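Shown below, as structure tokens, is a lone chain in the form predicted on its own; questions about how it binds or moves come after it.
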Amino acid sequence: MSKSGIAIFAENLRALPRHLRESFVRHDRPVSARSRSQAVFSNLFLHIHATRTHLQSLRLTATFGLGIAATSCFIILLVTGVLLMVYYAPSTSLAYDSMKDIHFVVPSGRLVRNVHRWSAHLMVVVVILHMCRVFYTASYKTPREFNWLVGMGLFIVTLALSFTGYLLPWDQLAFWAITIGANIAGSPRELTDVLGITAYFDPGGFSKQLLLGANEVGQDALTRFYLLHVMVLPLAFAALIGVHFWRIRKDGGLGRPGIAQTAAGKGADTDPNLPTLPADAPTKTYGLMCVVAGKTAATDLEIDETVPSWPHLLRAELVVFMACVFLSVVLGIVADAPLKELANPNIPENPAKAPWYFLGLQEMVSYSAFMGGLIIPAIVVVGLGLIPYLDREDDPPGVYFSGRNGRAVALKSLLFGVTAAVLAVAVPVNFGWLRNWFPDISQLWVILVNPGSLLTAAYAAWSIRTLQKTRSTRLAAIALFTCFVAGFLITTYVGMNLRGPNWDFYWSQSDWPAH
């Protein structure tokens, strides 16, 4: 006897939870290697990972979890940013009051804002450390060159996210920090004024107006920065990080020490326990969902050297995410995000300082806005982007500094980079510079010959010397990169702790002149 329509409907209603679950989860409970692989393979968010992960990739020292930490900070920023948007008003007449409401009136508003700010700082630190880890382990080499460029894009977008968010509180700190940035954008006028062509060709004025929407920091600038901060840049970051993760998988998976096949004389460390890849090795390890004989040329691993990405890799990523949340919350509890007086264009901050990650740049700008603010950063960014294409040596990926010789070069370069950076600050502070020595000298000489440009030239000369001595482009790249890291650390420290009113040098804030 056939069932009635009501009975069929009732049966379907009872089976609704099961059918709903099956429509979401298209695999069995992950209890075996096959079901765990299926869980990764059929899940949108987990599919960015390979179904299996090499055991050495899970070691803390392989990646230190820095890439996941940066992504975790971005997720924290998204969540806290959306909560702040509910109460924030992007208007010069309302922004400051809305920040005070968030800080003093909205329940948990102060904590949310503090977590947002600290996770932003943490993200900048982690992205810089991640870039250093990738460089020093030679993880930018073939076939990962393109992903290095994507990572450079993520680094730039990260700085842009932090910079655009800096203006939103609309207090004195934010207003004058962005004013410094706007003046750097307009710094080509320093050169065009010397050449007498500003009236006909004014790229500095154009770039400043493009950034601010006006000649001064005001409502147009706040509107642009708000739109960039909450919409354009987060979308750009999400798109780039999606490509970044996809290329990590396609280019051989997470970083780990690779096969030690280095050129003679490199002194690279080798691990006798690592497998070697026979010349006639099969080129596939997996079919679509089936394990077959052999190993891949891309990952150089056997099946028994790997574990399922679910749950081992996912567990490690969740630990890193929880650590980032914990650190951001703890910092948010113990240290408030600053909120100074309402922005006043008529009362400048003294000293007016950029965000900490731009203080090294501000130190260079104090000698020449055009050279220190645009030319030197452009040289650094282009040089970093070209590293994978100029360093074509066959070094083992995942080995820090490419072995003993690389560690020695890095240590010597660190000492040279610190010494040169200290001299670049100490000489002008103690003896002045060209304008002090030759008051009538042309501004063109001041632009071209200043401590920032000489420091960059010294670092380049040190790298060329290393190249000639070692005949290794990898070691020359390590020398140059380490020098710039040292210069960044020294100039950032000087700008943060040793520069006071009028950008004068003071050993302690207690030495600042009284108002």
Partner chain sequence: MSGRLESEPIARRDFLGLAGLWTTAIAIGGALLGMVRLPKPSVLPEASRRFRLGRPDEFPPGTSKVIAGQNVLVVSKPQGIAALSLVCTHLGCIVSKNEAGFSCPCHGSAFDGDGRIVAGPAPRGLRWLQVSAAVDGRLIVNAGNEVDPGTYYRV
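Predicted, not measured: the structure shown is a model, and the values here were computed from it. Positions refer to the first chain, counted from 1.
There is another form of this protein, the form predicted together with its partner chain, and it is not shown here; the text below is about that form.
Going by heavy atoms within 4.5 Å, which of 400-408, 217-225, 233-241, 76-84 lines up against its partner chain in the predicted bound form? Heavy-atom contact with the partner occurs in 217-225.
Residues Val126, Glu145 and Gly153 are flagged as a possible site; in the predicted bound form, is every one of them within 4.5 Å of its partner chain by some non-hydrogen atom? No, because Val126, Glu145 and Gly153 lack any heavy atom that approaches its partner chain to within 4.5 Å in the predicted bound form.
If the cut-off is 4.5 angstroms on heavy atoms, which of these, Leu210, Ala378, Ile333, Val105, is the one near its partner chain in the predicted bound form? When its partner chain is considered in the predicted bound form, the option within 4.5 Å is Leu210.
Please identify the residue among Ser93, Thr419, Asn430, Asn350 with any heavy atom within 4.5 Å of its partner chain in the predicted bound form. After the contact test, the surviving option is Asn350.
Do His121 and its partner chain come within 4.5 Å of each other in the predicted bound form, heavy atoms counted? The answer is no: His121 has no heavy atom within 4.5 Å of its partner chain.
Considering only heavy atoms, tell me if Pro345 and its partner chain come within 4.5 Å of each other in the predicted bound form. The answer is yes: Pro345 has a heavy atom within 4.5 Å of its partner chain.
Taking 4.5 angstroms as the cut-off for heavy atoms, does Arg435 touch its partner chain in the predicted bound form? Yes - in the predicted bound form, heavy atoms of Arg435 and its partner chain come within 4.5 Å of each other.
Check Asn497 for me: does it contact its partner chain in the predicted bound form (non-hydrogen atoms, 4.5 angstroms)? Contact with its partner chain, no.
Going by heavy atoms, what in 168-187 lies within 4.5 angstroms of its partner chain in the predicted bound form? Heavy-atom contacts within 4.5 Å come from Trp176, Thr179, Ile180, Asn183, Ile184.
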